[in-house]
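First comes one chain, alone, set out as structure tokens in the form predicted on its own.
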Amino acid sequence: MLTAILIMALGAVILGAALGYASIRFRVEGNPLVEKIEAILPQTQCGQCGYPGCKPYAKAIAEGEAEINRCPPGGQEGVVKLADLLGREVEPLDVEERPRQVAFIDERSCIGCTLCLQACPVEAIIGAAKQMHTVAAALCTGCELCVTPCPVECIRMEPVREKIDGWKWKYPVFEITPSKRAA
């Protein structure tokens, strides 16, 4: 009995050492810049920048393959934050900046086809096959990806009105220009 316990303990020590060595030897380190860029992006996963989500877009920015002004949900404020982080010049947003909006489904017209469910990257649409669907407004990012696949055109985008409890101060954007002092 004691021999069996010693053999098991020895096996555990050997496997533990092998796993410890493998974790050090085969470690995959991520680019910390990608994670900082991704933290600035709005995490809507909408694909409006031309990439399938915020992480691939952040990776492309870090590698110099993408411009910092292609994220409509992040707006000009996001471009300014990315420019500050990367030490680049602030560029105007590549697309028209719109106010925040949320999808709304006309439930009387919904046929329950689930195409909008499949298109929503953040699972903000609730419903089942052949049943009416609705949108959880708190989860909706306003990416408009659910509008196009709807065969009965019962989804429309509505602007979100700012309320006291959800209003966020917009940071002022100042441009600092060097001034010449009179001698």
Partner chain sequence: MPHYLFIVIGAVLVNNVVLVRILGLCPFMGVSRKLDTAFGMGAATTFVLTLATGATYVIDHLLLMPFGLEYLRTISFIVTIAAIVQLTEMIIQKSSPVLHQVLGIYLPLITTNCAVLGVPLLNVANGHDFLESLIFGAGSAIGFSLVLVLFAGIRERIEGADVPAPFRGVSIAMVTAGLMSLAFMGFSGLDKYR
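Residue numbers count along the first chain shown, from 1. The shown structure was predicted, so the numbers you read here are calculated from the model rather than taken from an experiment.
Keep in mind that the form predicted in complex with its partner chain is not shown, yet the notes after this line are about it.
Contact annotation: residue 36 falls within 4.5 Å of its partner chain in the predicted complex, judged by heavy atom distances. Its partner chain in the predicted complex comes within 4.5 Å of a heavy atom belonging to residue 83.
If you take 67 to 94 and check each residue for a heavy atom within 4.5 Å of its partner chain in the predicted complex, you get 83, 84, 87, 88, 89, in sequence order.
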